[in-house]
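Shown below, as structure tokens, is a lone chain in the form predicted on its own; questions about how it binds or moves come after it.
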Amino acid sequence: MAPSRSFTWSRRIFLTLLTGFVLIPVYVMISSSLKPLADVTGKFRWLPSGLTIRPYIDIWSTVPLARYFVNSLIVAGAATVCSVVIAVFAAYAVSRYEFRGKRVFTVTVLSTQMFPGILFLLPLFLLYVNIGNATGIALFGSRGGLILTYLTFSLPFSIWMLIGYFDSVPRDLDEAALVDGCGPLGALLRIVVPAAIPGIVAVAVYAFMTAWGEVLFASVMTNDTTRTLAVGLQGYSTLNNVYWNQIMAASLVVSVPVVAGFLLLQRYLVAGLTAGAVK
């Protein structure tokens, strides 16, 4: 039965309002990034009186944005790779094998998501400082320490998600690979991993986005040399002025890798979050 006219118009109005709610902030950000600072700090106008690309040039000199960009790429990329690799092996072991403490392990992994991140800030800070004093390994203020910090958040969710996805891959595929001469590792890498690409991509996107936009731990665990983009954007706000047009321009530049990656991997991401397909 076709929907009624009132329902159709109600849906159109709701979707129009929702689209405006989403797109208006984006328009304000883009238009503000193309205005001179005096126009941004003055009376707001929906249509700019003049456009300039100067903010997109100045963002690289006002703060060392390129260095922050490299730090974020290294930290987010390394955290993503480590999270995916470890989660694949851990989830495969839980999905395919029975061992003592299996239920305790899965419950523990899932229960870590109940605690707020700020609860771990002071313990990790003290742990990194004490390790540095005892061994000379500089975890505090280093990229390596920040990568380990992000693994504590992304890895449990990655393992839990991949366990469910590997469970959807038929065990007959593993058995067929073993019959053909593959070992357990070969069955994982040649059969299970290719069949679970959507779930692995979803985990990778989650881990990358978690590390890319994190502010709390990055503001405490880094210094001027290892600072990431999420914290570095604060540099456009000084005691004397706030460069709103450069903040908007830098925010757009920072969001490009995440948006581009999401658009490229959207098909795999949707499939992975809906438990994937069975091959």
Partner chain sequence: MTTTAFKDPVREASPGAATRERRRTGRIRRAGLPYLLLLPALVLELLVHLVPMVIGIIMSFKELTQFYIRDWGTAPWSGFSNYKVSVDFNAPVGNALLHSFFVTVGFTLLSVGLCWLIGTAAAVFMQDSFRGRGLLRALFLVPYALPVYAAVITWVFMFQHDNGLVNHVLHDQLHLTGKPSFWLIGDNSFYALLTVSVWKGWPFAFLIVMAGLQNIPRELYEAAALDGAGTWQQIRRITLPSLRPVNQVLVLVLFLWTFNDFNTPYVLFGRSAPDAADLISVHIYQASFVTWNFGTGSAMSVLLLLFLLVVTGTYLLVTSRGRRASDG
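Note that this is a predicted model, so its numbers are computed, not measured. Positions refer to the first chain, counted from 1.
Same protein, other form: the form predicted together with the partner chain, not shown, and the subject of what follows.
Kindly confirm or deny that Ser10, Leu155 and Leu233 each have some heavy atom within 4.5 angstroms of the partner chain in the predicted bound form.
Yes: each residue has a heavy atom within 4.5 Å of the partner.
State the residue from Ala177, Ala195, Leu148, Ile74 whose non-hydrogen atoms include one within 4.5 Å of the partner chain in the predicted bound form.
Checking each option against the partner chain in the predicted bound form, the one that comes within 4.5 Å is Leu148.
is_contact(Trp60, the partner chain) in the predicted bound form, heavy atom dist at most 4.5 Å:
Although the partner chain is absent here, Trp60 would stay clear of it in the predicted bound form, with no heavy atoms inside 4.5 Å.
Closest heavy atom of Gly50 to the partner chain in the predicted bound form, within 4.5 Å or not?
Taking the distances in the predicted bound form, the answer for Gly50 is no, it never comes within 4.5 Å of the partner chain.
In the predicted bound form, is there a heavy atom of the partner chain that lies within 4.5 Å of any heavy atom of Gly213, even though the partner is absent here?
Because a heavy atom of Gly213 falls inside 4.5 Å of the partner chain in the predicted bound form, the answer is yes.
Given that the partner is absent here, does Val84 sit within 4.5 Å of the partner chain in the predicted bound form, heavy atoms only?
Residue-level check for Val84: no, no contact with the partner chain.
Heavy atoms within 4.5 Å of the partner chain in the predicted bound form is the criterion; list the residues of 39-56 that meet it.
If the 4.5 Å heavy-atom criterion is applied to the partner chain in the predicted bound form, 39-56 yields Val40, Thr41, Gly42, Lys43, Phe44, Trp46.
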